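The chain below stands alone and is given as structure tokens, in the form predicted alone.
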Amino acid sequence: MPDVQALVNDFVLKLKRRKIEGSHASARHTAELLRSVISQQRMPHTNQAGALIDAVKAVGEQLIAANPVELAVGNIVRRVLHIIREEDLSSTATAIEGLGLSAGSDDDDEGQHVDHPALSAAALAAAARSTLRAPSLQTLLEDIPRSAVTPQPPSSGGDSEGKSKSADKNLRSRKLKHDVIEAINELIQDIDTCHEQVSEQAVEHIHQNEVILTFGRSRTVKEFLCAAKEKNRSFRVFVAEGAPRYQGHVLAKELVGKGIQTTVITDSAVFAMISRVNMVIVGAHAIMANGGVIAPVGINMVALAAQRHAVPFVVVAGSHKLCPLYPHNPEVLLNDLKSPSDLLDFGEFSDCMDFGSHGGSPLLHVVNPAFDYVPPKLVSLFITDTGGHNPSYVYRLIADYYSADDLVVKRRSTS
């Protein structure tokens, strides 16, 4: 089995060099890496959930710092941390229930009653909500049998009892790790099938003879439109080309290959054409906690045009793009500057970029941002793999997927 640190270093290097780009690929690779980290993590006898959380945070901090623009990486790290906490709480609840049942059976044993130290379920539940603080809940649960049993004279059975306790500890640690890995496998499956889950809802939103406008290229949008076509919906698509990378040209060719009537327009023609459109459907780079959207540059212009003409603006995206952070959070890097060569040819404009004159500063500057921010008031509907949601409902989805303790992924100080 390959060394985990080598896998982490290799993935960090790929993120830094932009060898892995796009939310889907970044999310899947991150989930697979964290699964490997957890599977090879050595589990202590106490505070096992805390050990897993520390290991995931240590790796997650490196991954997020390698490419802060890929918000899907941080999303998956936080999702895995939430999974660990949820599985730990689930096992704790099961243990508490088992303790209650065993206590009830002990009370019925031949009328013998022994005064035991009381440990309320409320105290255990409170400890479960803060598993990282000592003493850990696992420690409390492990100490209950020792304090609850009646003192026995030394006998040869003591060795077997100690072995059974040790085996019980190992069983619990293996069960927690197994449950977490199974949940991560389900998360990876959700990432792989998110496009299909979103596409199944296409016929509910695209109707006969409608005109749809989209911008650039999004795989989720492509699958969404193709699914509607497969259900014998007849509609037409306007594709804004998405300068300067012109990914709209690629999408237009793919849609035509599926038999969809497609018209390519320039980005500057969006406002002129929007009055003929029934609906705008676009993809997203990330969906923020306030319902805002980080999307390819130019989409904010489309959203403003749609609002001006009262055209529904629909965003389709997988749930792995839901980000629990707000746009104003310092951890969020809203934009990325791409190469100026996408806009200008250096050979043709080299005389305008002479650093040897004018005090070493050129007269011509080229700015090529990658993303736009679309505020929630411009979004009509989000369609994710869990269904359609209004922007005001995003906070509920965030609460289901993330824990408030993991918004900032940072290792605890050892000092």
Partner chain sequence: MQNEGTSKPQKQKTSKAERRAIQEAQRAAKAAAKEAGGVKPSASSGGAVPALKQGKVAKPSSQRKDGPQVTAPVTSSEKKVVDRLPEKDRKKDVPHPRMQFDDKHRVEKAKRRAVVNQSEARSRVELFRHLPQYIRGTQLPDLESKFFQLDPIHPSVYKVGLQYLSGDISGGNARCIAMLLAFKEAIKDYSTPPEKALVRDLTAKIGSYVSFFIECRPLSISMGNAIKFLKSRIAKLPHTLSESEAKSSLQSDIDRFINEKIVIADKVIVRHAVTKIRDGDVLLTYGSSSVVEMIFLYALELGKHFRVVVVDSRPKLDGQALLCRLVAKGLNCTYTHINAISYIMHEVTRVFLGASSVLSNGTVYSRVGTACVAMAAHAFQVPVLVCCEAYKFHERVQLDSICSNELGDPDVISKVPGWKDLNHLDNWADNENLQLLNLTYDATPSDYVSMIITDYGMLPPTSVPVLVREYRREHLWI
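In this text the structure is predicted, and so the values were computed from the model without any measurement. Residue numbers count along the first chain shown, from 1.
The same protein also exists as the form predicted in complex with its partner chain; that form is not shown, yet it is the one meant from here on.
Annotated contacts: Ala243, Thr263 and Val297 all touch its partner chain in the predicted bound form [non-hydrogen atom within 4.5 angstroms].
Here is the short version: of Glu223, Asp179, Glu331, Glu200, the single residue with a heavy atom within 4.5 Å of its partner chain in the predicted bound form is Glu331.
Ser275 is the sole member of Gln189, Asn232, Ser275, Thr94 with a non-hydrogen atom lying within 4.5 angstroms of its partner chain in the predicted bound form. Heavy atoms within 4.5 Å of its partner chain in the predicted bound form are found in exactly one of 235-243, 286-294, 313-321, 82-90, that being 235-243. Within this chain, Glu204 is remote from the site of its partner chain in the predicted bound form, having no heavy atom within 4.5 Å. For Val250, a non-hydrogen atom is located within 4.5 Å of its partner chain in the predicted bound form, even though that partner is not displayed. For the chain shown alone, Leu364 is a contact residue for its partner chain in the predicted bound form, at least one non-hydrogen atom being within 4.5 angstroms. Gly387 falls outside the set of residues with a heavy atom inside 4.5 Å of its partner chain in the predicted bound form. Counting a residue when any of its non-hydrogen atoms is within 4.5 Å of its partner chain in the predicted bound form, the hits in 296-323 run Val297, Gly298, Asn300, Met301, Leu304, Ala305, Arg308. Wider separation of the C-alpha atoms of Glu331 and Ala55, by 3 angstroms or more, is seen in the predicted bound form than in the present form. In the predicted bound form, the Cα positions of Ile287 and Pro330 lie at least 3 Å nearer to each other than in the form displayed.
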